[in-house]
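Single chain ahead, written as structure tokens, the form predicted alone.
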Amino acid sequence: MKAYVLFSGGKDSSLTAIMLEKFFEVELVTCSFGIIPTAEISKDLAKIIGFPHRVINPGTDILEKACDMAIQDGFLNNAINFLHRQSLLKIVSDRDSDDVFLIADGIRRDDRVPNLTKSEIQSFEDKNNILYASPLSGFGRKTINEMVRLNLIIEEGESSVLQKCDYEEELREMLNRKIGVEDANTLFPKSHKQSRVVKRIYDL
């Protein structure tokens, strides 16, 4: 069975793909709105961990709506949840057959966003005849860090500096353009580290 893993180039999505490869035919999927070159970055990072990869674009109007939500709310939670759900729906709408497949993401136990409730997951699966999973959702940060240590070499840095290929990067850039860097920065956590995969460790 095919498994499409939402791929940001960070440790969580990379580890998710590695966890699933024994059971599914894994393909990495990156959501890019074309605001910044996340598509090119994601292709290079996908090669590092050795999985086929493709890019989807849910449409700039979706990113615009997320920006408006963030500005109106004064925080990012609803905007990021919205982008996550739209990415999942885009994968479903792009399907080329009625075969059942799995969509997976790198959401962890301690992640506030993005997140789906149990009822949302059940509805999403039933309505679209697909499977959905977050393999890391039962693990805390320390456990995941140990799993990463055994499988990946990563680099870490502030999210405002370390460029990855997730929709949060493009949301930040569009907010910078709409309301200015200073005001946009108030919507993001003051200190938020992200990771980017550098190498996969094959020989344990």
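Because the structure is a prediction, the values reported are computed rather than measured. One-based numbering along the sequence shown.
One more form of this protein should be noted, the form predicted in complex with another copy of the chain, which is absent from this view; the next part is about it.
Screening 167-175, 141-149, 38-46, 56-64 for residues having heavy atoms within 4.5 Å of another copy of the chain in the model of the complex returns a single hit, 141-149. Only one of Asn81, Asn128, Ser87, Ser134 lies close to another copy of the chain in the model of the complex, with a heavy atom inside 4.5 Å, and it is Ser134. Taken together, Met69, Phe75 and Ile179 are entirely out of contact with another copy of the chain in the model of the complex: none brings a heavy atom within 4.5 Å.
For Asp183, no non-hydrogen atom is located within 4.5 Å of another copy of the chain in the model of the complex, even though that partner is not displayed. Using a 4.5 Å cutoff between non-hydrogen atoms, Met1 counts as a contact of another copy of the chain in the model of the complex.
Although the partner is absent from this view, Ile121 contacts another copy of the chain in the model of the complex, with a non-hydrogen atom inside 4.5 angstroms. For the chain shown alone, Arg95 is not a contact residue for another copy of the chain in the model of the complex, no non-hydrogen atom being within 4.5 angstroms. Contacts between stretch 60-76 and another copy of the chain, counted in the model of the complex as any heavy atom lying within 4.5 Å, involve no residue at all.
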